[in-house]
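Only one chain is given next, in structure tokens, and it is the form predicted alone.
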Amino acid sequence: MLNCAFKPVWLLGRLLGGLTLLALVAPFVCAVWMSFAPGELLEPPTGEWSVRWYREFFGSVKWTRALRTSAEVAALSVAGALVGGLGLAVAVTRFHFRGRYILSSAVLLPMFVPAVVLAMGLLPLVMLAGLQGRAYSLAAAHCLVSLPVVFLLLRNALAQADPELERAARGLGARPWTAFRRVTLPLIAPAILAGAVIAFILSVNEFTFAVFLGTPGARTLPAALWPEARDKDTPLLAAASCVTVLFTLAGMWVTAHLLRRL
């Protein structure tokens, strides 16, 4: 039974929680609503509803190609962030070497530098290498954003995993990689899953690198949306935004499903 003295606080907490949830969900609800507008104006339909803009989105080579590019870049970015983050996390938690703390700090640097500065710095390098507009160059740039987050998650998970368990497995005859894969990897699997999901979300919604490093023929969906949003307001923008959200949710589910099978 709730104490009467705490009942106002409890009600206030529920009210604030409800308002916060409403503020989080309201933009997406409005986008879904406006995506079914039958006319040319970006406004919520009050009478007739239409899937016209979804048909236009999936019937356009421009938009489906941008969606496919987003998927390719996100998949490569997740793989890169996991491999790089796991390797660095193992290095700084399992090995003692000079410069270990400097390396840990250097990995986090992209978090403190504006994305536009990183993109401007990468652009000459990418152009010099002839990689502008390539999926793997965009994925490598997206890794700069997701790698620090994945690294922090995996470093903390590895710090909490007892290394003696892995040593015991090696003492019983297991090779180093087998001991790591059969003992340590399952212990840090939740952190790997969380890192993959976060890396996927960051990549799908990343905009700055996509604008600087992409080309008109190879743009991710956020970069392809920008000229449309700048020049005209049509319900196509709302439909594309809803597709992006659904694509993100589907990608998160696939990533989680694949990693749970490891």
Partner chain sequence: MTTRPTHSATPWLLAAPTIVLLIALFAGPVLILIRTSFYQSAGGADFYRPGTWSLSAYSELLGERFGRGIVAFTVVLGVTVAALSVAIGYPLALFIHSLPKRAKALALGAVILPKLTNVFVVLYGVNLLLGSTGPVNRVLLALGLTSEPLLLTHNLFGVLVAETYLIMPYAVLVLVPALDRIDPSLIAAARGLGAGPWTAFRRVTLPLSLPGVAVAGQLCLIWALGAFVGPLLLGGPEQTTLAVKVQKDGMGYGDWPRAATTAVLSLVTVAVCVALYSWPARALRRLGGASA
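Please read all numbers here as calculations on a predicted model, not as lab measurements. Positions refer to the first chain, counted from 1. Only the largest set of C-alpha atoms that superpose within 1.5 Å between the two forms is called the rigid core.
Omitted here: the form predicted in complex with its partner chain. The next part is about that form.
Contact with its partner chain in the predicted bound form, judged by any heavy atom within 4.5 Å, is made by just one of Leu152, Ala140, Ala75, Ile192: Ala140. A heavy atom within 4.5 Å of its partner chain in the predicted bound form is found for exactly one of Leu144, Ala161, Val183, Ala71: Leu144. In the predicted bound form, at least one heavy atom of Pro114 sits within 4.5 Å of its partner chain. By the criterion of a heavy atom within 4.5 Å, Leu67 is excluded from the residues contacting its partner chain in the predicted bound form.
Its partner chain is not drawn, but in the predicted bound form it has a heavy atom within 4.5 Å of Pro27.
Taking the partner from elsewhere, Trp226 is found to have a heavy atom lying within 4.5 Å of its partner chain in the predicted bound form. Along 120-158, residues Met120, Gly121, Leu122, Leu123, Pro124, Leu125, Met127, Ala140, Ala141, Cys143, Leu144, Leu147 each place a heavy atom within 4.5 Å of its partner chain in the predicted bound form.
Core-aligned CA deviation for Leu249 between the shown form and the other one: less than 2 Å.
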